[in-house]
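Here are two versions of the same chain, shown separately as structure tokens and labelled structure 1 and structure 2.
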Structure 1
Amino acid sequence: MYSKKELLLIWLDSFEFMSGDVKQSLFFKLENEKDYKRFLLENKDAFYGVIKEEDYNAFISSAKKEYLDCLLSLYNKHGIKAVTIESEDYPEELKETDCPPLVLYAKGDLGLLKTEKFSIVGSRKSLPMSINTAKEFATSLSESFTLITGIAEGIDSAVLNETLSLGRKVISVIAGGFFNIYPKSNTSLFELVSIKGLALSENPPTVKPKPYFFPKRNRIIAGLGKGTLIVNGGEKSGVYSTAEYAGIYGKDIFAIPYGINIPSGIAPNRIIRDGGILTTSPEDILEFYGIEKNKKETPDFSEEEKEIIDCIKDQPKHVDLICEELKKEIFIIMPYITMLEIKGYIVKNGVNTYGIAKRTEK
């Protein structure tokens, strides 16, 4: 059950028109009061310029038990738990940050908040090779960590899908309220996460996402994780804000390097330049934290498959080029390429260009 302080926080947090700071200061003022309504009416002058008149009136009139009961029953009905900063479940990592959310709305397994966590973020628009990289890291890191990411298309979805399909733990931090998942197409993925993993949001369920919520949300992703991996991102990517927060909070920042001509690699390259840790394989991260490496099985390649792997080992190549170099017809090469792609050893790196996906050396 919620304590009186927690109920106060839940009540305060249900008002969208108040910023976090106002809520915080109100909380400190009301903390030891008995009759909130009387206190608010008596100190009305203190709120001039801070809260609009009509908002203030609505706020005061809602200071009653029925309003709170209504709120709590709504949360209950949808299986949403309100984890306040006063709660035992509230993650310690966030308390250490400069502006922790007063209430975290959670759906799913709250126990995940107490585990070791690691964040993976990236762009919504990603090349197949980046998606593949994200999956590879998710597979490897989810053995030792609960992964944290968003709910967007691209890297977020890849991490969520990969981890959930392996039956491992994952937390998705959502920018808007739970009733307004953005993008809408990922609503079913959200439902899945809230059953098999944990969905978090700092906004009450009814709040609609606004563009500035996303960088704000990124502070939670960065704050929760022990470290953050930047998979990819363009010139104006949101991963900058995640990396910035991670830097401020003193977290470890990992980034995957890209060639200088690849637009989706600008952000991680810049982050590496600014002090991020260059990461080329999940083992780099595991080693960093002193976690034992898993032994990789040595793949069993046929003669032709080995030829193709050798051909694209150094740099990704267009299919036409592979054909020319191996002096073989396209219809002989194509089945092997598809086979290698299905097995996950090579990956599309552009339209018809293939590169090595996992390190396959013995």
Structure 2
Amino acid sequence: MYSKKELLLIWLDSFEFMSGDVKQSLFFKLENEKDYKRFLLENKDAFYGVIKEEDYNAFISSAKKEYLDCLLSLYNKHGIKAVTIESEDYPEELKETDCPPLVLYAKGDLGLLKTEKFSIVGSRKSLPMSINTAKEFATSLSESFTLITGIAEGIDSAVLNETLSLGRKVISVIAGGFFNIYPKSNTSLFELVSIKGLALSENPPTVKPKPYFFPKRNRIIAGLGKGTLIVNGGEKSGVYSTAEYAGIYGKDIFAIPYGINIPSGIAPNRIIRDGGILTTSPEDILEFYGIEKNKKETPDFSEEEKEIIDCIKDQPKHVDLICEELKKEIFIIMPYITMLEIKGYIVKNGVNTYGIAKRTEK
């Protein structure tokens, strides 16, 4: 059951043509009124220059019980819960930000909003090396945190799939409404998250995503997490906005370092330069928060395998360069590279170029 204030917020939030500031202002004006429609008609002049006349007319005509009943019926039919800023389930972390969403649309386990959370973000276009790094961090950090990310291809998908495959908890924050998942190719992944984890959006289900929704959405990802990890990102990556919001909210910002010639490493390198915490393993984050983790058994590498791992640990290298640096012929090196690739410790990044797939302890 929703309270009267919650129902007022749900009604106001259903109008895409009104900004959040206008909705909030109307909420404060209407929360103690008994007849919303009468109040709006009596104060029509206040809307001039704020919303279009046709939008105002649509707004007035919707000020009735039938409209709200139709909204709630739609949400209930699709298992969507409207969590308003007046709701008990609304996350305290967002209330502490300067621009909290008035309503969060949720599908899944609302209990995850009360857990310890950590955000992981990165680029849609990611090298296999970065994808594997994201999976490695998700595997380790999901033991201690509910992970938060988006729903994009690349790093978001890697974090979601890896965490869900382990039977652990994850929250995906969507830019548009639930009926308009972007990209469409991740619709099935969204459905899986809504069953096994929690999907969130600040936009009503029917709203289509717009370009400016994505950086705006990132404030929720940053606001919910205890900290944020930047896995990768290029020159104009959206991870900058997530890191900026995290900084504004006083959150911890972690970033994975890259070699200077890797375009997708520009964003994390700059974030580290500007004060982000250089992070080379999940243990760096766990130790930062004082979380102890059982050490994994050390992999048993041959001397040749150790040499190859040491050679490419800082950045991916072409097999010819590996041979040159190790001063060995390619027919000697390739069997060990192949074995390391089969074991999952290195990954091919382009034509005959190899990088570390997951961290190793020697």
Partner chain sequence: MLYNQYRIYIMFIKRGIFVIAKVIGYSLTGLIGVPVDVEVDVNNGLPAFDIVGLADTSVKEAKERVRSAIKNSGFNVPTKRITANFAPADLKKEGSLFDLPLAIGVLIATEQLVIDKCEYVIIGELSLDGTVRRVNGVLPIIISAIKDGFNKFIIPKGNEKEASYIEGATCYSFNTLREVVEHLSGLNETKPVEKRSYNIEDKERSYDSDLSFIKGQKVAKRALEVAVSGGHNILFVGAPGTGKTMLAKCIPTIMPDMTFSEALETTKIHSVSGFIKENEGIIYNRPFRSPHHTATTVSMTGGGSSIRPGEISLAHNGVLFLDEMPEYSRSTLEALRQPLEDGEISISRASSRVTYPANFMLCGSMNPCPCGNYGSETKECRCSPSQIAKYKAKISGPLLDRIDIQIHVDEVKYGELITDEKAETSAEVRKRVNRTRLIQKERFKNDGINTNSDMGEKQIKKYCKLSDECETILKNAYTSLGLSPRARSRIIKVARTIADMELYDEIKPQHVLEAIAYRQT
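Counting starts at 1 with the first residue of structure 1 and goes up one by one along its sequence. Because the structure is a prediction, the values reported are computed rather than measured. In this text, the rigid core denotes the largest set of C-alpha atoms whose superposition between the two forms falls within 1.5 Å.
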Checklist entry - Do you think the form predicted on its own is shown as structure 1, or as structure 2? => result 2
Item to check | Yes/no, D310 Cα shift of 2 Å or more between the two structures with rigid core fixed | outcome: yes
Checklist entry - Any CA movement of 2 Å or more for D320 between the two structures, core superposed? => result yes
Checklist entry - Against the rigid core, is the Cα displacement of K348 between the two structures at least 2 Å? => result yes
